[in-house]
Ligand code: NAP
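Single chain ahead, by itself, as structure tokens, in the form predicted alone.
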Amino acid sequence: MKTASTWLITGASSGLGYDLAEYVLSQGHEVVLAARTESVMHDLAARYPATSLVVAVDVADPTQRQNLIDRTHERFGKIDYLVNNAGIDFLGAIEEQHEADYRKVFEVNFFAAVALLRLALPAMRARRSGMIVNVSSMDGIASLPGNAFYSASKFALEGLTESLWQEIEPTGLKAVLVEPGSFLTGIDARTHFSGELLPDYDATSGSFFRAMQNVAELSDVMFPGDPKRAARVIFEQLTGDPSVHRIILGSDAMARIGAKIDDLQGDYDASRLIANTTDFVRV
């Protein structure tokens, strides 16, 4: 019988984080459920009292992050999978959004993930075992107007993780990016516009704003992904000794990332004639 693995999942009170925690627990593994809102996590943990731990945490708070890592090690003795899933989003054109809001997006989506993986890595390196799972987004590959700062925070997480896996794989550790499309996780109710709408951005940011006002009617189109199915696929991919570094989830993510690859290929091909002309001429 395989030994139970220990998962620390942030943002576990709702959406993909909750569904992943529920699925991992159902498979007989140990889960630390971490989020600011405790009640729903306690309800889930009550079904698996021997293999679960609920920790209330604001991932943007350094003291609470350290407490989360410490309590995980005290209860289960190890972290096999650190899943940095907590995230927030503010919508609006770059010029429209308030600085305090987009800085908060980076604090939660990027800097908190960096801090947590840095706290988890020493014990993982000592055991020569462990995986960092950073939940990115299709927006971390292909940005949209009206969602620049969320995308930028995920772009940053992508770049960091790409360096991370090159650094830690020689020590026996792994790092993986999960890149979901739009999943019906309730994030629409937690996503707010920042700043005041400017008429000049009506066709871009304004269009996004109007779509979000009608999300109930448009949910089938805007959120095609089923988070419970995603949770099962994530678990299977991560526990199946993955050789890939990116897991793309959702038909919309495949379409948008595919279009970005085509666009990048076009720009790359167009630069073939000029790129080398900028090097020093050696004689």
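A quick note: this is a predicted structure, and the numbers were derived from the prediction, not measured. In this text, residue numbers run from 1 along the sequence as written.
Quick note: we don't show the form predicted together with the ligand, though the next part is all about it.
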Q: State yes only if every one of 57, 181 and 223 has a non-hydrogen atom within 4.5 Å of the ligand in the model of the complex; otherwise state no.
A: yes
Q. Going by a heavy atom distance of 4.5 Å, is residue 42 a contact of the ligand in the model of the complex?
A. no
Q | Close approach of residue 85 to the ligand in the model of the complex, 4.5 Å, heavy atom | A | yes
Q. Given that the partner is absent here, does residue 177 sit within 4.5 Å of the ligand in the model of the complex, heavy atoms only?
A. no
Q) Any of the heavy atoms of residue 21 lying within 4.5 Å of the ligand in the model of the complex? A) no
Q | The unique member of 37, 26, 251, 66 whose heavy atoms fall within 4.5 Å of the ligand in the model of the complex | A | 37
Q | Selected contact from 72, 136, 147, 97, since only one has a non-hydrogen atom within 4.5 angstroms of the ligand in the model of the complex | A | 136
(Q) Heavy atoms within 4.5 Å of the ligand in the model of the complex: which stretch in 166 to 174, 124 to 132, 195 to 203, 149 to 157 meets that? (A) 149 to 157
Q: Could you run down 4 to 41 and flag each residue that has a heavy atom within 4.5 Å of the ligand in the model of the complex?
A: 11, 12, 13, 14, 15, 16, 17, 35, 36, 37
